[in-house]
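Have a look below at one chain only, the form predicted on its own, in structure tokens format.
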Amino acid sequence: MNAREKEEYLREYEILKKKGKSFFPYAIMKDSVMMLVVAGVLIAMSIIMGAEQGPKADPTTTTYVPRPEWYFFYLFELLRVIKPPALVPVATIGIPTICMVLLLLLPFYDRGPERIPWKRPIATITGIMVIIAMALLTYKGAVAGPPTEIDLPTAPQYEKGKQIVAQSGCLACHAIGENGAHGGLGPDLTEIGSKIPREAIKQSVTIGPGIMPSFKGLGNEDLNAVADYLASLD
């Protein structure tokens, strides 16, 4: 944009600005009315339709899978992608904070007068990519099942035990590789086979020492499969 085009733009902007209405009370009144309408609709829906109440929380369960609200699904999926514990602060604090700071500083580093999208390719492409990324992560987070996968490679004969461990709530308290609760209530099981004999592992799973629940309801066959799998972790 040359000096003449910039001067024309500023002149037209000043004319349009003088034709407009002041922020107070016109814009404030319009926003206030709309806010009251939305609040009234929400109150009416809550009275007429009611709010769904789920079962009471059970603090002793090991099979409950927490899920975030829908507007946090993108961050939920980002944590599933970034699995190393050392990088969790980057996913939960670093990336969202950087994006928020860049958004707040946008008026300071983007001083171009153009408002037509195709005349601002960098800003337009960046905005579109951010929207696509958040939409994709939100969708994947919404349809993602419970975190019942263990990424450590396993010999075929231990696959059954691995699946039982993943689906029985063990990862709620224990960590195996990059999966599960790092720093949780239970010890890290990544190398448990090199620390405890197989029979001791089976006994612990069956009885449930301390606050650990008993898994004797799995049956002897499944308990053996779990013990074989955990004993193979060394």
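One rule holds for the numbers: they count along the sequence shown, beginning at 1. Please read all numbers here as calculations on a predicted model, not as lab measurements.
Form predicted together with a small molecule: not shown, discussed below.
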item: Non-hydrogen atom within 4.5 Å of the small molecule in the predicted bound form for each of Leu185, Leu189 and Ile196; value: yes
item: Distance check, Gly210 to the small molecule in the predicted bound form, heavy atom within 4.5 Å; value: yes
item: Ala27: touches the small molecule in the predicted bound form, heavy atom cutoff 4.5 angstroms; value: no
item: Close approach of Cys173 to the small molecule in the predicted bound form, 4.5 Å, heavy atom; value: yes
item: 4.5 Å heavy atom contact, Gly169 and the small molecule in the predicted bound form; value: yes
